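The form predicted alone is given below as one chain in structure tokens.
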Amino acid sequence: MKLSSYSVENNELCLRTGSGDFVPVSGLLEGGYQRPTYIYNFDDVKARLEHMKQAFKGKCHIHYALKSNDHPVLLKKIAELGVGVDLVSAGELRKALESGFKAKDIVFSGVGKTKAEIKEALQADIAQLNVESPAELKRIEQVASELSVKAKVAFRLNPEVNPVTHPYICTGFRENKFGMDSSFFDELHGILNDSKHLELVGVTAHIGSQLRDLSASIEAVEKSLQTFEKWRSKGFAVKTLDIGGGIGIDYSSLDTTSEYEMIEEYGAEVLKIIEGHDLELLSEPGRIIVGRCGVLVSEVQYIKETPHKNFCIVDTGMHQLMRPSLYQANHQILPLKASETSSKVLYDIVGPICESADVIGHERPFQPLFEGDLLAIMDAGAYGRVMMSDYNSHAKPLEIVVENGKIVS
């Protein structure tokens, strides 16, 4: 059993350091609890990145998916580990460069790049622009021509595989807006041949997020490799095969053994597929790297008992963690300090937002809860604060980065 970066020790939720020590989460709230607080354990991030490098035997260049968590201290520390970054906007491009990522290690994805974003990416001379449509390729060609530069592009394949995941985060099936199937290839070929300002450097695919069954991911890699070799046979010097990201985490358990085993299995299978092919392998992990590192600490404001159910009303909600409302995601919710009682009460853990969808957890069993108790919403390191909104104008949550059990931001 390989525990997550948080565990319950002596009835208290603790952060586990890289050396195996335990630090009470409550002790990380400097000056006591003030407002909802995201806590990120960098030791866990580092361990996962190192494990992924080992799983691919150093033969895969990792590009961290910046959209999953863009905290500046985390980004700086991830950049210092020598990995690249995958991003989807000019704003993320600036954050990446400011955090220390090198332009040669930056991949720009996304379906709606504006002319201004393309221009900024070309001027920065990043590694590649992942192209989602012939119309986008034409726009990149136009901007590159105006700048008198050559744009390095990779075609995003829609491999038409349907992974087992939430429909909102499925991106590799024919009904999704992402990528291109083989019906686009002739048009793409024509655009490339007519331009002196485009260089096809690779093929990329990303079929979705929170993938726990590797079969669809493996199928997508196989199809991507076939497409890669087709473009090479057409005379294009493609060199990068970008297999995307999407490996998920088990939100239902603190035991992360299956996740580490899945990373190992995925690395072994991909290396087996590409064996004998001359290419540079890229990947774009996000959630699997930072999802487990974060918790969102919240305070109980009121207990509301009705004939039908009990409500525990806390001071965070869908405005600060959208996943339960948007994806019907089930995050574990744990008290920072548990009592010795064995009696349990079922509560709906709900937030302060004026929407009935503002439910963090339905019918969760807890020790009896009281005003002022602190709860931790687990595994909130990915797609948490980055998806925050200003709806209802609540104060923004605090954010704390911890390394070796000490606060570093």
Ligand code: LLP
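Residue numbers run from 1 along the displayed sequence. A quick note: this is a predicted structure, and the numbers were derived from the prediction, not measured.
One more form of this protein exists, namely the form predicted together with the ligand; it is left out here, but the text below deals with it.
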Where, among 278-286, 265-273, 333-341, 139-147, do residues come within 4.5 Å of the ligand in the predicted bound form by heavy atom distance? 278-286
Spell out, yes or no, whether the shortest heavy atom distance between V23 and the ligand in the predicted bound form is within 4.5 Å. no
Can S224 be called a contact residue for the ligand in the predicted bound form at 4.5 Å between heavy atoms? no
How about Y383 - does it come within 4.5 Å of the ligand in the predicted bound form, if we only consider non-hydrogen atoms? yes
G294: heavy atom within 4.5 Å of the ligand in the predicted bound form? no
Thinking of D86, R156 and S209 as the candidate spot, does the ligand come within 4.5 Å of a heavy atom on all of them in the predicted bound form? yes
The one residue among H319, R323, K113, H71 placing a heavy atom within 4.5 Å of the ligand in the predicted bound form is R323
Option touching the ligand, based on a heavy atom within 4.5 Å in the predicted bound form, out of H51, H61, K67, R364: K67
Let me know which residues along 237-273 have a heavy atom within 4.5 Å of the ligand in the predicted bound form, or say none if there are none. G245, G246, I247
